[in-house]
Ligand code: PMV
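One chain is shown next in structure tokens, namely the form predicted alone.
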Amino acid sequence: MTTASSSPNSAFIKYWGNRNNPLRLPVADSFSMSLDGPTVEIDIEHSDALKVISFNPDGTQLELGEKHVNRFGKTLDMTKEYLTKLGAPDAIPASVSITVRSNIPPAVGLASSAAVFSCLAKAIQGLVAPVIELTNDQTSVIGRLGSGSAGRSVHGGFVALVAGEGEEIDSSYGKQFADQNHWTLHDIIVVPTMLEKKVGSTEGHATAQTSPGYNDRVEAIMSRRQQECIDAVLKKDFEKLTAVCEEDVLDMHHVMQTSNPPLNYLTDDTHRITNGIIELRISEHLPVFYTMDAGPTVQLICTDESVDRVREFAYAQEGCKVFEAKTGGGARIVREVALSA
């Protein structure tokens, strides 16, 4: 049995839209910061049939619907296909039993699927190690098969999901550009509502290219925006990072809102929080920027210099829950236990 742990990531350049939906092959590159929490832990071991058990943050068992169990099953099937391509068709000879313990509250607006499937990928890396030693880049491919953004959370620090070209299962993978020790940034997460969103990211990706602005978004990312973000991180240029990240998140939500059907994830509370942080940034000259994934939750990215003031601002937002994280180390194997026959 292998146990792994992982956390979500905060996307700076957003992943939105696939060229191949079943394989989760993205159209454009994306870039993120892996977080140090909240964590997901997964146990995995060989089994005669697929079994998935999941527990909530309070320790109660979560009843998984058929849709969620099937997602694990499809990920496992594609993982076997990938391992076969790598020359290890029998690394998972039958199936697996998976136990998920998540500390991510439901509907918090963090990339919970990225945490779960990067954790699963890392656990699989440990499980198959007696047969094949997978690199972290190869493990990121397995994470991507379950959740596109999970390909980034396998690595720690600052990571790109390289879109690549073609339809091969491993043509897109996670690539680390700097580890978690390069630059400590804080993510103060302001959650206006704990209600589940009506349209999930997987469904949203499938409609992305119906937006008339989608091709322009892809062109902007691939011609300059991705590289501008990477350069800003490597040079620790927070001002440039702010500009490119806020440009990208507004662009993504414009694409969402102009897709067919339109996806309106942002709420009045979202706009109140983002307007408030802009005013605070200007009036107090604070290094902080905002970003949002597919939901109303606002993530406030800031430096050590401004974290206390940003934290104060976040906790003052009426009716909101606040979570805190910072740059983290990515997925890791917690323990490996050899089970007797």
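These numbers come from a predicted model, not from an experiment. Numbers for residues come from their place in the sequence shown, where the first is 1.
There is another form of the same protein, the form predicted in complex with this ligand; it is not shown, and what comes next is about it.
Residue heavy atoms within 4.5 Å of this ligand in the model of the complex occur in exactly one stretch of 221-229, 238-246, 198-206, 86-94, and that stretch is 198-206. Contact annotation for the candidate site: 34, 119 and 122 all lie away from this ligand in the model of the complex (no heavy atom within 4.5 Å).
This chain is drawn without this ligand; in the model of the complex, the residue among 211, 75, 113, 139 with a heavy atom within 4.5 Å of it is 113. Taking the partner from the other structure, this ligand in the model of the complex has no heavy atom within 4.5 Å of any heavy atom of residue 325. Although the partner is absent here, residue 252 is a contact residue: one of its heavy atoms lies within 4.5 angstroms of this ligand in the model of the complex. Though the partner is left out of this view, residue 25 does not reach within 4.5 Å of this ligand in the model of the complex, counting heavy atoms only. At least one heavy atom of residue 149 is located within 4.5 Å of this ligand in the model of the complex.
Annotation for 209-231: no interface residues with this ligand in the model of the complex [heavy atom within 4.5 Å].
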